[in-house]
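First, one chain by itself: the form predicted on its own, in structure tokens.
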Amino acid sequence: MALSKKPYKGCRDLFPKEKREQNFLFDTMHLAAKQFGYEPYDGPMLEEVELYRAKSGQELINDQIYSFTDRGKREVAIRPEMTPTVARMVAGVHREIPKPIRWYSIPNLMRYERPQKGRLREHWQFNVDIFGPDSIYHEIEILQVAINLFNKFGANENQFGIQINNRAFVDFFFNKTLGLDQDKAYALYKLVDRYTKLKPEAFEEQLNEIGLNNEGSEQFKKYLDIDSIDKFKSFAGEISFSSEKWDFENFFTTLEKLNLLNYVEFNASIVRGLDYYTGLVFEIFDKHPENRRALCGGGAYAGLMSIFGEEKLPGVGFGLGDVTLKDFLEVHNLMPDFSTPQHDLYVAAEDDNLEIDILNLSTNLRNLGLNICHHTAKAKFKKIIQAAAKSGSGAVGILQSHENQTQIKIKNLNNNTTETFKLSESEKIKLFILEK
């Protein structure tokens, strides 16, 4: 029986067109992070399962990771996320390097999930994290990096927004105001995380199972109604939430001074499912009516280093998958056309015995920094033009024998001009084909 030509379920073959698209996404990610002083890093594809068991939550461990026992009887997993890995790496070096630590990566990740629109089992994810003293300015910086990335793709506040909440605020409300024990608070967190996915009857039923009293139930529903910064401030005042736990007045004032507040909305149902968030939590969402969904998420975490026996080193970060990002760009018509490759010059010949000349000229032009696609066999003019168009070249050059010498006739397809050069005139050829 012949093997299937399809990739494993939930994974993709990246043919040249798709790889050009992905490279475009990655190049923009690199630029957005480096502009804020973030350094690239990477880690291994395999980690010990215990790393995820310690901090990533039971859903991921029980249902989503690809795990196996290796030949050394170690329980390992293909990495499903990057934050535990970066925390492990930072825990090993943070005493020797200056703070804050600004790192980013674009790792390949695997999760055993049901493939659907915007979600595959394999994807790449733009991860950005800053480690250092607990500070609202680190939270703001992470939001700036995310906004900067989307702006670089041509998106603005009419196309995407950032919904935020704060786990310190929610903890205070659940534990101090409602007086919930650890188990009930955890159950309520999980219910809030599913709030937008449940029908009202199902939500009410599960809320009743948690067992809030009448006053607590009313306060909780008032909390869920917080959908603006003004409502948040009012509610925070009512429950005497201290700015020592989160300096929210300064946080929002700073965003306003940076002209970023128009991107931000408060959403009480944003709590983030992973267990390690302790401060700001946020999700970037698409405003397009055909793609209303979360694009990525992140937040602040203070206790992740403790699993390595280290002192607390607060971190803030986010992860953005390449699948959801591409969907966002396409629905907003912000994805460039990568259907053809991009070369500077396509070189071919109509005459025999010019193979060495083609190779030498192509080499000389590549040494000048140009991208050259060549065809050594003799070809007819029409075939050469068709091949040049398919190669995505900005110019086409045809070598010809002329008075016992070889010359090249080049047509610049960007400005539709034509000129003939000696093969020794590499610098002139370069200038001609780069003219717009």
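Computed from a predicted model, the values in this text were never measured in an experiment. Position 1 is the first residue in the sequence shown; the rest follow in order.
As for the form predicted in complex with a small molecule, it is not shown, yet the points below apply to it.
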State yes only if every one of Glu113, Leu120 and Gly319 has a non-hydrogen atom within 4.5 Å of the small molecule in the predicted bound form; otherwise state no.
-> yes
Can you pick the one in Val76, Ala236, Val90, Cys296 that has a heavy atom within 4.5 Å of the small molecule in the predicted bound form?
-> Cys296
So which of Arg272, His94, His343, Arg102 reaches within 4.5 angstroms of the small molecule in the predicted bound form, heavy atom to heavy atom?
-> Arg272
Interface segment, criterion being heavy atoms within 4.5 Å of the small molecule in the predicted bound form, picked from 186 to 194, 254 to 262, 227 to 235, 123 to 131 | 123 to 131
Evaluate Gln144 for contact with the small molecule in the predicted bound form, applying a 4.5 angstroms cut-off between non-hydrogen atoms, and reply yes or no.
-> no
How about Asp286: is it within 4.5 Å of the small molecule in the predicted bound form, going by heavy atoms?
-> no
Can any non-hydrogen atom of Phe160 be found within 4.5 angstroms of the small molecule in the predicted bound form?
-> no
Wondering, does Tyr277 line up within 4.5 Å of the small molecule in the predicted bound form on heavy atoms?
-> yes
